[in-house]
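The chain below stands alone, shown as structure tokens; this is the form predicted alone.
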């Protein structure tokens, strides 16, 4: 099997490194416009070659480019003989844009989203076990061929992932709450901290602020593309902040403790 990976950054590099352990993988081709990433991917042995376009004989094409570029790739590869799947964080934008331009998503296209990542950047930070025992959401479209869906599922299963199917609207609404909102809050939190206070930070600060080191360009793109769902999630969060603030202002201990206890219980359950 020949695999082509468009975008050999941290996620694309992790796909490449993990795919090395699959039987039958003979060649991994990287398509990476950033020269430093392309050179690192070659030096680290993540890819065998770097090409300017997806090879016609690739059996599987993994689109790990920025989210806003993914519709262009899906449209370009609509007649490709291999299975095409993306790993983007926002699905509604991709599918709607492809349908606007083509009328329907191609039969070879299977949207996917591995719920795994890091605040670190580039192929040098791509682990080989990033997807093991991690959830990968597979989102077959009405035009996706059964064979393409089977191959996509088999690939992620081979990397040790746990598979779950979901529709795109539920995906974007859910990920707005569980992924996009936490990143937005971490960025906002770091902007609120004074430089002179940073030397006194502890473990809680480190845990909460870790993802604020993520790529600003990547995450602003995600925020924009899932704007409506993220704004709804932000409204729900604001309601909880307001409730806690009201309990503090009025010294309503029972109300404050009830909110904290509910949160602590849900986190322990998770």
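Everything numeric here is computed off the predicted structure, so don't read it as measured data. Numbering follows the first chain given and starts at 1.
One more form of this protein, predicted together with another copy of the chain, exists but is not displayed; see below.
Remark: of stretches 159-167, 101-109, 144-152, 78-86, the one touching another copy of the chain in the model of the complex is 159-167 (heavy atom within 4.5 Å). With respect to another copy of the chain in the model of the complex, the three residues 21, 52 and 138 uniformly fall beyond 4.5 angstroms at the level of their nearest heavy atom.
Within this chain, residue 178 lines the site of another copy of the chain in the model of the complex, having a heavy atom no more than 4.5 Å away. Another copy of the chain is not shown here, and in the model of the complex it never comes within 4.5 Å of any heavy atom of residue 64. Another copy of the chain is not shown here, and in the model of the complex it never comes within 4.5 Å of any heavy atom of residue 45. Contact annotation: residue 125 falls outside 4.5 Å of another copy of the chain in the model of the complex, judged by heavy atom distances. Residues of 189-203 placing a heavy atom within 4.5 Å of another copy of the chain in the model of the complex, in sequence order: 189, 190, 191, 192, 193, 194, 195, 197, 198, 199, 200, 201, 202, 203.
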